[in-house]
Structure formats: structure tokens, C-alpha cells
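Below sits a lone chain in C-alpha cells, taken as the form predicted alone.
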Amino acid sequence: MDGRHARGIHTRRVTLARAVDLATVSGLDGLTLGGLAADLRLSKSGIFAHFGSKEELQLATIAFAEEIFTEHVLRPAFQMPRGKPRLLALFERWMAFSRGRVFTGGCFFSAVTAEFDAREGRVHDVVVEWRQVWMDLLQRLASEAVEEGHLPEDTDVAQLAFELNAFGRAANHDGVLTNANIHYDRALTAIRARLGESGGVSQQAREPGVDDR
């Protein structure tokens, strides 16, 4: 890899990292090539060369957010045993992800689904596709928990996935809105109860140095 290509990759990733963070606060629609260039002290022509249009920037930002979400939430959760431990770990990691403010505005996908829910176009369609993939994953993990004997055989996995996701989204919304971490603990308490688990929030769900308020 030559130096120019390496610098180009670095510039693109730096730009997207900033774009993802800004999108959780100002929305994907608030992203502009010129604004990012000014914010990062880069040339607008250089940013344009990487993305070409605002829509392409938005789509690349979503893809980059998926990459970060996978690294912080999905990959660690899938290191847990199949069944209820993996399903619970997924939500613990998600809550830690939002609680720890990996992005300033909390969970990227909670923010953009609210922003684009009533819109049309390519960005809306990609957000809808991501949500479907996410819900399919939750249902698959719930089904595995049933297969492992961790949940009753008559469990409605679609309903369970909907409820667990709702707890997580509510915690992200209220946690960001009030800057109070107790909402993440309450969500995890509700999730544990719905899964038939007892006890408090595990240490995996907490970010070191972050106090409850």
C-alpha cells in the first residue's frame, strides 16, 4: 500500500468517525461535506473525493456505525455460550455501549431510526433494512435459548424480541435525554425479568468510572 492510498484510508475513517458521532447529536440530515471539512480542518474537495454527495456520506456513515457496533456489542456478546447467556450479553453490551457514550448522543441506530422513520429514500431503506436484520438476530438468539431449554418451548420469540428491543431503546432515549444512568439499569432489570433471570445488573453492563445518577 503506497503512502497516498494509506492517507486516503485514514482520512476516510477519521471523517466517518466524526460523522457518526455528530449524527447522534445533530442527525444524519445535519451532515454536510463542507461542515465536516471545516470541523476536521480538511479540504472540502478532499472530502468530496471520498463520498461524492451528502447521500453517499450518510450511507457510508451508517456502514461505519455498523462496524463500530459490531466491535463493541455483537462480537463480545457472541463470545458467550449459545442461548440465554448470549442473548442477555447482547443487551448488556448494548446498554454499556450507550451508557459509556461511545457516541456522544448514545446509540447511533436508535437516533437514526427515529430520524428517518417517516421519510423515504435510500437512507430510509438502509435504516429499515438494518432494523430488520437486528430484529431477525434477536429472534434467532431467542429461538436458540428455547432450543437450549433456557426459555419455555411455547415462547413467542417475535414478541419477546420486540419487548426486549423496546426496553433497550427506551433506556437509550431516557439515558441520553436525562443523562442519568439509572435508566440502563432499569432496562436490564426488566430484560432479566422477562428472560426469567434474577439478580442485579452484571459488571459487564457497567462502564468503569461511570456513576449512577
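Numbering starts at 1 and runs along the sequence shown. All values derive from a computational prediction rather than experimental measurement.
Here the subject shifts to the form predicted together with a further copy of the same chain, a form of this protein not shown in this document.
Interface residue remark: residue 148 is not counted as part of the site for a further copy of the same chain in the predicted bound form, having no heavy atom within 4.5 Å. Taking the partner from the other structure, a further copy of the same chain in the predicted bound form has no heavy atom within 4.5 Å of any heavy atom of residue 70. Although the partner is absent here, residue 143 lies well away from a further copy of the same chain in the predicted bound form, with no heavy atom inside 4.5 Å. Although the partner is absent here, residue 163 sits close enough that one of its heavy atoms falls within 4.5 Å of a further copy of the same chain in the predicted bound form.
Against a further copy of the same chain in the predicted bound form, the set 57, 79 and 133 makes no contact: no member has a heavy atom within 4.5 Å.
Of the stretches 33-41, 175-183, 62-70, 46-54, only 175-183 has residues with a heavy atom within 4.5 Å of a further copy of the same chain in the predicted bound form.
Residues 105, 113, 114, 115, 116, 117, 118, 119, 124, 127, 128 are the ones in 94-130 with at least one heavy atom within 4.5 Å of a further copy of the same chain in the predicted bound form, listed in sequence order.
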